[in-house]
Every structure is written in structure tokens, then in C-alpha cells.
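Coming up are structure 1 and structure 2: the same protein chain in two forms, each one given alone as C-alpha cells.
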Structure 1
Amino acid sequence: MAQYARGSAVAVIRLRNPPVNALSRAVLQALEDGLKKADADPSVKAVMICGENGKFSAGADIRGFSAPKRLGGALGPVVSLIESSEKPVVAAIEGVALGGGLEVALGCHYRIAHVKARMGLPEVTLGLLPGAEGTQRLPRLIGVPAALDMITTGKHIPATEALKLGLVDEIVEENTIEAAIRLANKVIGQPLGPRRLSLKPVPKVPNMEAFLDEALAKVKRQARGCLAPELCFQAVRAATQSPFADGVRRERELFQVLLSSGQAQALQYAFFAERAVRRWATPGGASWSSAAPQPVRRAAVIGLGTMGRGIVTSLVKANIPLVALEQDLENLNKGRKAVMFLLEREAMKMEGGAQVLDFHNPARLQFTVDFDLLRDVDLVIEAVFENMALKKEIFHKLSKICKPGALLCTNTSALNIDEIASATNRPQQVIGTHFFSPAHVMRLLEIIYGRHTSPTAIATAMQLATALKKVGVVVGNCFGFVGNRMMFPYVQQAVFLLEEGSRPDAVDQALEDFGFKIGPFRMSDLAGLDVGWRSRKDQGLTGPSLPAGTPARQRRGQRYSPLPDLLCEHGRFGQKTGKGWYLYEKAGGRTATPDPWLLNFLSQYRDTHGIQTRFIDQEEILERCLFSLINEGFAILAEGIASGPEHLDVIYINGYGWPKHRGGPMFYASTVGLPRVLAKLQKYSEAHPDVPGLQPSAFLKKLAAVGNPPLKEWMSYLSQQSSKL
């Protein structure tokens, strides 16, 4: 709703739709009614629009885009109505003015913002464009380069920047509403023509066409298959080429194209999925609604390797005082130097820089080799390398040293949380926190509860994720947890495809064309092939513990490819050694080129094992890699390791480079249709009966059999009928 009130000469229209004053049909109707009332009342000389509870508006109600009677069409006309008012209209922007909210403000004749307010047109991140005339008004107000940047990236800008750009007329530190009313009183009677953005020309840029061509090339490069950025660009370009009314028509056409694209649905699903995973629950009945986190006033990180350095940086950025511990002085000094380098770099990106981060202050960041300094910390994150014996030794020590309430977190990508917890006297306070590299950049934090982990521990880890500005996703304990467990069959298929005749660059290209930031072989070279090799040796799959006589391409009765092991035996660990699945310009180089040595090696390998080389098309590459990953996802859901498909999708989007405009693997499966996914898996598993990852999971079969229900209903089939699976 919007509340209309009349003060002296200024009528106040307050947008009201908690929590963020989203512009629903009802709000828009009330806004329109308020404007008409003000217009008809001769004692009203000006209007002020603001939002309830210190927030202007977060824009159109996103849920309305999928409603049968779609919201949206009504917004543009309301913005026009505001602009055409014969009485000055002032927007008082507090909190956020985003999307349609900012478009409403752009319809106003004056905009005044609180210094802490943020503004933006983030529609592009939802697969849309600012379809309420925003693509036509914003360039007229702040110029084409700045408008293009805001509209094609969707970034939120602070009020101070908005003032510099001319997006707002004034910023205030005190009461925005009172300041806006003062401004409204002041401008009564002044001509409104110059304040109507639709009447202004688009400011000229020298050599506009060349500028636009370059901007388009940049937008396309960054979009990687996502439609919205390019259509946003086209709408802004229309503003530079056509009168306002024609530009608005073009904007509407482009908006409709996006609205009906599957990408908008996927991105909006991703928006809500990210929020849904905050409401975590475990099969044991613990949940976000009843568990309270404990405060973390001081933390510790153990191990200053690649992961530890990123985690320390992340904690410093979150303003959490901490102790960073290494096993000896040599490693400590190496780690300290690397952390300082990361922090200096982060500080340069921030307003206030090193002073704000305060990392030279030992009270905030202390480096040590002394375990005793961990006595009074509230939370420890162990980030040593993946070795169960070492981790258990550390946790045993921690349970003796740390104060009773301290939360003990292990940064592991696959190891058993219960086994690590068994080394302590407080398994209820042990939890997995799987960070992704680089830990100060990547948004995902997989939070793994063990058999004994308490609800308080989970709530505290989730609170930590929020403090670190990460997306925490709570999952159960199994080998590889959710992310890596789904990744295993995907990578396995990629390697099998090489055995059968494909090439690393062909597989990578197919998956990068699908939208992945990086294909599996480039990723493996980046991460280092030795990491998986070590783990396979620990599992007895390769190396000296492999029993004599084990068939080269079989382990435990299943198909196995020794290709990655063979590459490691040749010293090809990826980028760090200058060669892996690709060749690099030097050790540590980043430019991957196909390596004739590898292609020759593959061909000899196929000859040795009597494998007939065949051509493998893009469709098979995608289906085998993606559907096997999705299939594992269904098994994970059936086992209760994750409480819904949204969890899997949020993990894949934020930790594994899955293209957000495809909504995550489980959402993608729902768009392909589960019967089709099932049929393909059945086909491939018949061709490769010794590959369990291709055998359709019982849950997938069940969902296909009950008629391919929508994703949000999947879990209900599990709880009702799991006994029959």
C-alpha cells in the first residue's frame, strides 16, 4: 500500500509494503490514487514520496513477474504520471531505491537522499531491464557512460556517488523526510519543464557510435551467454538514437523479450533460492527459527597456506579480531607476508583503506606459532591441508586448549566431520566450514554439520557466513559434501570422454559455451592435478597401496580412468608446472594452449587399451557431464544431505561457476524436464553399465514417474514416499 497524508502545503505519499516496500499492484494503485488526490486538492502545492521504515523501495515485486496477471505494465504509466504532475514532486530516498523504486524517483522532479542510501537498477541481475522508462530517463540525467554502467551491471551505488553523478540533487545526514519537505516547499511555483527528464536531450558523448561499439563489445564479453546485459545495452542505445516516446516503446519490446526468456525465470529463482537457504533445517529437527548463534568476538585461523591466507583476509575484512597460527616460524613468516600482501590489495579497493581494516594492529591481527594464544578465542578455523591424521591431531589439541564454548571449525572439502570431531571432547562444537578458493573472494561457504553438531554451532557458522558477506549453505556430512560430491561424476565423465576420443579443449569449450566460467580441464589445471592424485592415493585407488594385478581401468568393479594419475606421474600438475591437460607459457603461466604431447599421449593410451576413437559431439559432452552431476544431486536430496534443490543450486552458482542465468543444476534439470534427463541417463548407462554415476537415481525415477512435478514440490514426494524409493 501507499499511505497518503496531507501536511501543510505538501502532501506525503509513503510507500508501504514491508520489508522492502516492493512495488506490488496494490502499492502502485495506492501511489496512483495518492497522486490523483494531491492533484485534485487545491490546497496541496507539492508532493513528497518516501518509503516506510527508512527504505524508499527495492523495486517491483519480483514475485509479481511470474504471477498470472503480471505486474509491471502499470509501473511505467505511474512514473509518467508523477513526472507530468503540475505540482513539484520530491523523492526522499532513504535505505534503498532500487529498480522500479529508482524509476519512481526518476519520475520525480527532485531527488534528495540520505547519505547512507544506496541506489541502482539491478534488473539485469534478474534477467530483466529497467522497463519503467528507466533506460530512457537515466541516460538523460547522468549521461550515457554512467547510465550504461549502472544499467548493464546492476550495481548499487552509494548516495555520495549518486550525488557526484547528478542522480540526486542533495544528500543529507539527518532527517531526509524533513529535508525533502523543506525542499518541496522551496520549489513550489518554480517551472517544472527543466525538471522533467523525458523532455531533456541525452547528453552528447564525443564519437558516440565508437563509444557504444566498444561498450557493446565489453558487455558481450562479460555476459557469457546471459541475454539481459545486451538487451539493457540496446535499450540505452535506443535512448541515444530516438525521441523519448520511441525509446520507451523499444524498451517495452525488449522488456517483453526478456520477461518471456527462461533466463529471467532462472535468475529470479536464484534470487529467492539464495534467501531460502538462510532458513536452514536438519533432518534432526534443528532449524534457523529456534537456534541462536553465539557471539564471535575473537577468532583464530590455523594454517596459512592458500586457504588459510584467504580466510584470514576475509575475517579481517569482516572486522573480526583474530590470531593466525602456523606450525613454525618459517611458515609463519611466509604466511604473514602473503596475508599482508592480500590485505594491502583489499585495502586499496576500499574507501578509508588500511586504516579501516587496521590489520597492522596486533590487537586485531596477531601472528603466532603458540597454540596457547588460542585459549580465549570464540571460534577456530583449522585450514591445514587435507590429511585426516593431521586434522585429528590438531582438533585433539584444540579441545584441550580452547575455552569450553569455543566453536571448532574445519576447512575441508571432503573429509568426514564426525571422524575429526571424534578427536575432541566436544563433538557438538565441531563443524565443517568449506571455503572456496580464493577464500576472500568466493561467496560460497558450505557449512557441514556432523552427527553431534549442535544447532547453536550451525547458527554460529551461518552468522559467520553473513559477517563475511558469504552465502552459507548448511548440508549434511558425506564424502565431498554436496559440491564436490556432485563434481566427482561430472569430472569423471569429462575424463571418460577423453578416453573415448574427445579432447580437453573440446570438452571445456562445450561447457564454457553452456556458460561455465571455466571448463573441467582448465579448472583442474588451475587447482593442481596433484590435489586429486594425493586424495586418490589416500583412498588406495592408485599408488603403492594399489594391489598388484588391479586392472588398469577398473577399481572395485567400476570403470576407472588412470589418465589423471598418469599425467601426475609425468610431472604434469597443471599451471604450477607449466603443463597439465594443457601447455602453459611457463610454470605458473595462465595461458592454456592445446598440447600436441597430450594429444599424442591420449592416442597411444587408447591404442594400449584397445579403445576405438570416436567423434563425440557437444550434445553428448553436455549430457554426460551435466546429467551425471544432476543425478548425484537427486541422490543427495534423497539421502537428506541437503534440505532442498535450492541448496544445491546456490552451491553450484556461488562455488562452482555454474551460469546463474541457468538457475543452478537442479533448476536446469527442471527446465529440461525430468523425463528427458532420465531417458538420457538410461541411454548412457546402458552404453556404460560399469559407471554407477550414469545409473539414474531412484528419486529422479520417482519424480519422472509421478509426472515431472515443479521443483518446489520435489521434496514433498521424498517425505511422503521415501520408503518406496
Structure 2
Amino acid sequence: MAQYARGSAVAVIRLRNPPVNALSRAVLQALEDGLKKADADPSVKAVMICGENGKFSAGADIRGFSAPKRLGGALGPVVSLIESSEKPVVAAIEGVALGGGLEVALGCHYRIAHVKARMGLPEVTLGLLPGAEGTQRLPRLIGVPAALDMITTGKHIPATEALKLGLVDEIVEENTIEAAIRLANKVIGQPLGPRRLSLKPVPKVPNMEAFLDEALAKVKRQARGCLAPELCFQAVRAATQSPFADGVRRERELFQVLLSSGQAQALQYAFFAERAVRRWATPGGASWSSAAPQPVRRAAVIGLGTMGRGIVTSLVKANIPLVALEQDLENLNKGRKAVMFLLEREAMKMEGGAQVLDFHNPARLQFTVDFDLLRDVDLVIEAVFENMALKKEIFHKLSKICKPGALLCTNTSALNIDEIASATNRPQQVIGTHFFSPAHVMRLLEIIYGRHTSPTAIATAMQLATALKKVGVVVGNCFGFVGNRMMFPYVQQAVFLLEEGSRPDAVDQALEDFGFKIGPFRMSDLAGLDVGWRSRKDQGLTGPSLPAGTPARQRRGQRYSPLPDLLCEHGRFGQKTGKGWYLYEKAGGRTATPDPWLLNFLSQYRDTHGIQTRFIDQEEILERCLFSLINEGFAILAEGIASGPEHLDVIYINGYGWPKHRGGPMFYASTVGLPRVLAKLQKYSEAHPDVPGLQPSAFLKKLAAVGNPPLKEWMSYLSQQSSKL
């Protein structure tokens, strides 16, 4: 609700709807009533709008978007009503003014903000645009370049930046509400015409058309097929070309287009899925509601390679004091230098810089080769390279040195958590924390429980994810866990497509056009082909341990492609060596160009193995790569490795560059329709009977057979039938 109170000549309207004063219908109605009351009361000379409990308003309640009669329609007239008031209206912004909350503030004649407040129009991140005249008022207030930047990215800006842009009239460090009332008293009787944004012209930009063309090209580049940023741009452009009322009509039309697009549903699904994964549960009955985390006052990281450095940086940024350990002084000094470089770079991006991070202070970050310094840490993250014997040796040592309650985490991308835990005397304290590279940037943290991992350990790892500003997703223990296990068939299909006649750039292009930031071959070059090669050697799939006489394209009765192994044997490890699936300008180069050597090599390879080259269209590339990945997802759900399709989608959006506007692989499967996914898999499986990844999962078959139920009901079919699957 909105509360109305009169204080001397200034009426105070307070937005009340905890926790963030979302603009529900009831709040909007009360706001409208309050404005009309103030207008009709001759003793009221000015109005001040603020929010309850130190927050202005975080905007419309997102759950209202799916309702047929949308809130944007109700909010626009209220904003106009504020602006047309004959008495000055001042907004007192504390905490946040986001989305509709900021649009309410834009309707006010004056805006005053607390120095710690943040403002933004984040609708674009939900596949929408500011639908209460925000795309028309903001450019009139702060100019087109700044307004476009805020509206098309959805970013939040601090009050200090808002003041520089002219979005607020002043910022205060003390009581914002008192300051707003003082300002309201001061402006009583002053003309309001110049303060009404709908009457202001849009500030001119030299060569406006050229500027807009360039801005549109940039928006399209960054949007990668996502519709909302482009339509946000169109709405702002309308402000530069039309009178206010026409611009508002255009904003409404574009809003409706977005509201009915599948992308808005996908982005809102992703928003709620990310919240749903916080409520974790395991098949054994442990869950978020009953398990309490242990405090982590001090942590340790073992191994300062690429992953370890990123993890150390994340912990320092989260203000967790830590010890960083390496096996010898040479590696320690190399690691320390790299960590310091990363931290300097991160500090430069922050307000307050290096003082905030305080990483030169040994009480906060200590480098050592001495395991004894780990005696009093609450949590250790081991981040050495993927070698089971090495990890077990370290965990055996840790269980002797660390205090009994310390949590022992392993950053592994595929290895068995139970086997690692077997080297300790406390398997209940062992958990997998799979960080994604670069670890201080990527949001995903896969949290893997083993057979003995305690609920407290899971809760503590989830708490750590939150402290590191990451999205923690709890999953079960199997080779590759969830993310990499689903990635194996995807990459395998990509390589098989090359064998059959495609090219790396054609496969990458198809997947990048679908919305991935980077296709499988560019990704492989970036990660380094030698990483997978080492893993395949460990598994006995290639290299000296492969039995003599094994057919080149068969392993254990299944189709296998030796192409990645052959590239590694030619010393082509990707970007680091300047050549992999592509050619780079130099070792460590970033610009990938198709390599004539590789095309010639593929042609010879096909001749050697008697493979007939055929043309492969974009549709087959997408279906074989994506549907095999989705198929593995169904197998994971059926095995209880993840507790719902949302978990898989959150992992793919935050760790594997799946396009967010397509809602994650399982959501995408539900929009394509499970019968279609099934039919395509059956078709490809018949053409390639020696590829198990294409054989439809029993769970997918079951769901298609019961009539393609909505995604939120999938798991209920599993529990009924788990014995038969």
C-alpha cells in the first residue's frame, strides 16, 4: 500500500509493500488516491514520495508480468498524474529505484537520492522494456547516449553517477526524507513547466542519425539474437523522432510485441529458475530448509594455476581472509605474481580501489608452501590439475592437518568425489566445488555431494557461493557431473559432423547464430585441446595404453573420433600454440581464421577412412549438437543427479554460454516440443546406431508418450515411475 500523511505544508506519500516496495495494483491505487487527496487539500503546498524501510521501490512485481492485464498499463497513467500535479512533487530515493520505481521518480518534478542508492531500468534483462513512459522521459532528462546505455543494458548506476548524469538533483549522506521535505518547502510556488519531463525537448546530439545507426549496430552485436535490447533501442529512437504522446504510443506497441514473444517468457523463467536452485534437496532427504551452514572465517586454496588464481581472487573480493598454498617456491612466486596482477585489475574496477580489497595485508592473504598453516582454516579448496592420484594424496594430507570441522572442497570438473573422499578420515566433510574458468568472472559454481557428504557441508558450500556472488547449484556425483556430462555428447556430435563433411567454422557459426557466445571448436581452442587429450589418455581411449589393433574409429563398441587426438599429436593445442581447429596470428593469439591445412587434413582423413563427404545443413548441426545435449539432460534427471530441469538450465546459462533468451536447454526442449525432440533423436540414432548419445532417454520417451506435459510437471512423472525407468 501507499501511506499518506500530512506534515506542515508537505504531504508525504510512502510506498509500502515489503521487502522492496514492489508496485502492486494496491500500491498504485493508494499512490493515486494519495496524489488526488494532496491535490484537493488547499493546505498542502507540495508532495514528497518515498519508500518504507530505506528502499524507494524495486519496480513492478515480476510475477505480474504473466498476468493478462499488465501493470505497465496501470503505472503509465499514475506517472503522468504525478507529473501533471499543480503542486511540486519530490522523490526521496533510498536503497533502490528500479524499473517502475525509477519511472515513478521520473514523473516527479525533483529527485533527491541517498549517496548509497542505486537506480536502473532492468526490464531488458527480463525480455521487456520500461513500459511506463520511461523510454520517453529518461532521454529527455539525461540525453540519448546515457539513456540508451541504461535502458539497453539494464545496468544499475550508483547515486554519484546519477548526479553527474543529471538523473537526480542532489545526493545526501544524511536523512534523505528530511532533505526531500526541505527541498519541497523551498520549491513551493516555483513554476513546474520546466520540471515536467514530457514537455522537455530531447537534448540534441551532433549527427543524431549517424550516432543512432552506430548505436543500433552495437546493440545488435551485443544482443546476439535477443530481441529486447533492440526494441528498447527502437523506443528510445522514437523519443528523438516524435512528440511525447506518439513516443509513448510506440513504447506501448513495442512493449506488447515483447510481452507476447517467447523470449520474455524464457528470460522470466530463467530469473525464477535461478531463485529456485537455492532451495536445494538431495534424494537422501537433506535440504536447504533443515541444514545450517558453518561459518567460514578463514579459507585456503591449494594450487595457483589458472583455476586457483581465479578462486583466490574471488575469495579476496568476498572479504574472506585466506592462505594460498603451492608445492614449491618457484610455483608460489609465479602464482603470487599472477594473483596480484588479477587483484590489481579487479581493484581498479571497484569504487575505492585497492584499499577496499586490502590484499597486500598478510592477515587477509598469505602465500605459503607450508601445509601447517592450514591447521585453523574453516574451509580448503583444492585446485590442482585433474589427476586422481595427486588429489588423493593432498586430501590424505589435509585430513591429518586440518581441524576436525574443516570443510574439504575439490575443484574438479569430472573426477569421482567419493574416490577423493576415500583418502580422508572424514568423507562427510568432502564436497566438490566445480568453479568455471575464469573463476573470478564466471557466475556458476557446481556443488557436488558424494555418498557421505553431510547436509551441513552442502549448506556451507551454498553459503560460500552466495558470499562469492555466484550461483551455486547442488548436483550429484557422476563422471562430468551435470555441465560437462551434457557437454560431452554436444562436442562429440560436433566432431562427428566434421568427419561427415562439415567444417569447424560452419559448426561454430550455426551454434553462435543460435545464440552461444562461442561455438564448440573456438571454445576447444580457447580451453586448450591438450586438456581433453590428457583426460582421454587417462581413460585409456588414446595414447600408449590403447591396446594394439583397436580400430581407429571405435572404442568399447561405440563410435569414436580420433580427430582431436591427431590434432594434439601435430602439436595443435589451440590458441596457446597459435593453431588448433583454427589458425591464430601468433601463439596466444585471439583471432581465429579457418586453416587451409586443417581442411586438407580433414579431406585426407575422410579418404583414409572411406567416409563420403556430404553437405550438412545448419538444421542438422543444431539438432545433433543440441538434442544430444538435451537427451543427456533427461538421463541426468532420471538418475536423480539433479533435482529438476531448472538446475540444468541455470548451469547452462551461467556456465556454458547457453543463450539466456532461450531459457536453458530443458526449457528450450519444452518450447520445441518433446515429441519433436524425440522424433529427431530417433532419426539420427537410426542413421548412427553406434552413437549411444543419440538413443533417446527412457525418461524423454515417457514424457513424450504422456502428451508433452509442461516442464514444471516433468519430475512428478519420474517419481511415479522411478522403479520402471
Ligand SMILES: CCCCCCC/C=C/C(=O)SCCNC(=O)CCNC(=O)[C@H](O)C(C)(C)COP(=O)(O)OP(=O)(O)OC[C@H]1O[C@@H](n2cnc3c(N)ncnc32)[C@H](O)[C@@H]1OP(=O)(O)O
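Sequence positions of structure 1, starting at 1, serve as the residue numbers. All values reported here derive from a predicted model rather than from experimental measurement. Think of the rigid core as the biggest set of C-alphas that the two forms share within 1.5 Å after superposition.
As summarised for this chain, the first structure is the form predicted in complex with the ligand, and the second is not.
Superposed on the core, the two forms differ at residue 166: its CA moves 2 Å or more between structure 1 and structure 2. Once the rigid core is used as the reference frame, the Cα position of residue 44 differs between structure 1 and structure 2 by 2 Å or more.
Comparing the forms between structure 1 and structure 2, the C-alpha position of residue 176 differs by 2 angstroms or more, with the core used for superposition.
In this core superposition, residue 22 moves its Cα by 2.7 Å between structure 1 and structure 2.
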